[in-house]
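The chain below stands alone and is given in structure tokens; this is the form predicted on its own.
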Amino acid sequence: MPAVSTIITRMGDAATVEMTADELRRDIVEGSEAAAAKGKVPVLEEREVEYLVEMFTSPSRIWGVERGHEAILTKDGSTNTICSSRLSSGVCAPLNREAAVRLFETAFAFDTMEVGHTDYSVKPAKFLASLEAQHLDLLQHVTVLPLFYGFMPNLGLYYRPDGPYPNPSDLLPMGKIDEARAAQEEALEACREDVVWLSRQMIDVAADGINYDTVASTGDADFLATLQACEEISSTTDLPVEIGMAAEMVLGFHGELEYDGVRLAGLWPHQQLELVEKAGAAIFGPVVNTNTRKSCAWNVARAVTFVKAVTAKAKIPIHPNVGMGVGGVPTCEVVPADMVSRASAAMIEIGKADGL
């Protein structure tokens, strides 16, 4: 049995670890300082540090928000939780996607739900657009909650061997920087066109919103394609667009791409927000990746420091990602409820998130 002076908590890979209250406090302070140094944003205030200390030292397995501070949920790949045995730690129940969505509404009382293909990227999903539209149309007749259609831009699938364009990952090691940049510029145009086209297919069957998820997973060209697509959809339709990121910093695989005069490479969440708002998005989902070698206390403090800087200047709702491996949640297949509940509560109580 652990000594009274120690607290049982977790590391970023979900491994159980014993820490003293002083060690926890130190990790919380250092996690916040790490985010502040990278993003050039304020560290957490002392009262916020105290809240996190109280949260992580509590023996309670589940931690919740104060009554009246409940937040709504938007979710990506949601039906996989039930239908699949692997994706999103699913239980593999013998249900189709439509039944799973209805269960999330009627049994689990979800606020919103999302329809999306299992592959989830726009490039493969566009070939199934008619079938996907049929699924969405059927669900609109039997559900009340807002239904999003979701997918990833995933620019990586447009490069060889999966796509027609030269692969920058092959060109860059050979020093062919100009050729790598040209390939990204060509690919992003094709990606943008596909994102806009698939979005419009779902508009035709009365989607309540579109979720562009895991944005910038392949860097600044991916981000630019998404911003341009969002601008076109939001300026020509009344469809709300949610943009959820892939990481806390936009990687500069191109390095020179700009949107509205702002270079995309190296942007942190509060800087990403400004461009997402200019593109006309209705919801922004900032992401902060989990460091598996640090404690969950360190990771949560770092994540909410970034998110607090986003909500401080946001004009649109902010739904930070608190899924596996992001937002302070451990990186493991079946995420532990003790850390998910703490990360979620911290995002709302300290990060001032509008939803999750």
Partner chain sequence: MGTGDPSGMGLAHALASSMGGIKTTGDLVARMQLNKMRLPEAKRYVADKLGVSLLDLSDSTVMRTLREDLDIGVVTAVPGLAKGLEAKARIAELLDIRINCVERMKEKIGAPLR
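Residue numbers count along the first chain shown, from 1. Just so it is clear, the structure is predicted and the values come from calculations on it, not from any experiment.
Although not depicted, the form predicted together with its partner chain is the subject of the following passage.
A heavy atom within 4.5 Å of its partner chain in the predicted bound form is found for exactly one of 47, 293, 40, 69: 69. Only one segment in the set 206-214, 124-132, 173-181, 159-167 has any non-hydrogen atom within 4.5 angstroms of its partner chain in the predicted bound form, and it is 206-214. Proximity of residue 29 to its partner chain in the predicted bound form: non-hydrogen atoms within 4.5 Å are absent; the residue sits far from the partner.
Mapping the unseen interface onto this chain, residue 322 counts among the residues with a heavy atom inside 4.5 Å of its partner chain in the predicted bound form.
Its partner chain is not shown here, but in the predicted bound form it comes within 4.5 Å of a heavy atom of residue 341. Mapping the unseen interface onto this chain, residue 106 counts among the residues with a heavy atom inside 4.5 Å of its partner chain in the predicted bound form. Three-residue candidate spot 117, 185 and 219; no residue lies within 4.5 angstroms of its partner chain in the predicted bound form by any non-hydrogen atom.
Contacts to its partner chain in the predicted bound form (heavy atom within 4.5 Å) from stretch 55-79: 63, 64, 65, 67, 68, 69, 70, 71, 72, 73, 74, 75, 76.
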